[in-house]
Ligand SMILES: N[C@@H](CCC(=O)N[C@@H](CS)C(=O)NCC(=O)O)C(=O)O
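Listed next as structure tokens is one chain, alone, in the form predicted on its own.
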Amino acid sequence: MSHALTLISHHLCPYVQRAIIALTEKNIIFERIDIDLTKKPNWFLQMSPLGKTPILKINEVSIFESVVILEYLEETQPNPLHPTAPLERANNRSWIEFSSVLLNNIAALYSAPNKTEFEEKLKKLNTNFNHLEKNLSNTPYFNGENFSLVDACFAPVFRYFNNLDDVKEIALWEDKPRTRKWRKELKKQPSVDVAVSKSYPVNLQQFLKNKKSYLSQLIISQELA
């Protein structure tokens, strides 16, 4: 029996992007409802005990946390995005967890209030990406030729840097050719492209400037130069 799926989302949320990419790759029809997380409606708070997006509503049941949503889609929908071999599948789940760590470290970077903390967070991110580089193969996707949930989870990580590549203080990719290649392939993926609106770059730029962080100062200075 098919279920009517509704995704409760926020237009900048990277965890929402994961769910949309997976839904799109699986050719699943769903309704998307964007909310303002600064003014959370009561109906949303009743659905999400954590007060976070995404939420996937299946008829009258709501599930939250993006990894849980991805696993539910794997268990119930066609076009699997996980490997079939248990060990490879477990390894993929490990790297999905690592992508969540990266998203947290990116948030710490764009929230850093001063140069010292910014450089500390950037160094940590560089260490993360160095570790990733050592574990990548020279293939289009994480598992080779087939798009997977790992790709769906890393695409929002890399999308942040589409807006930040011009910030000269952030130089992460020169010594990471496999990561650069993977990032380039994911950027071309149709499901990744449609996971955000066309206004996403402008909205993200404004969000970053509004943080009043050290990165905000760098972005504003760059615009004024």
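On a predicted model such as this, the values are computed, not experimentally measured, just so you know. When you see a residue number, it is the position in the sequence shown, counting from 1.
Heads up, the form predicted in complex with this ligand isn't pictured, but that's what we're talking about next.
Contact with this ligand in the predicted bound form, defined as a heavy atom within 4.5 Å, holds for exactly one of 57, 180, 32, 52, namely 52.
Contact annotation: of the candidates 28, 47, 170, 37, the single residue with a non-hydrogen atom within 4.5 angstroms of this ligand in the predicted bound form is 37. Contact annotation for residue 185: none of its heavy atoms lies within 4.5 Å of this ligand in the predicted bound form. In the predicted bound form, none of the heavy atoms of residue 214 sits within 4.5 Å of a heavy atom of this ligand.
Within this chain, residue 193 is remote from the site of this ligand in the predicted bound form, having no heavy atom within 4.5 Å. In the predicted bound form, residue 20 stays away from this ligand, with no heavy atom inside 4.5 Å. Annotation for 6-34: interface residues with this ligand in the predicted bound form are 13, 14, 15, 18 [heavy atom within 4.5 Å].
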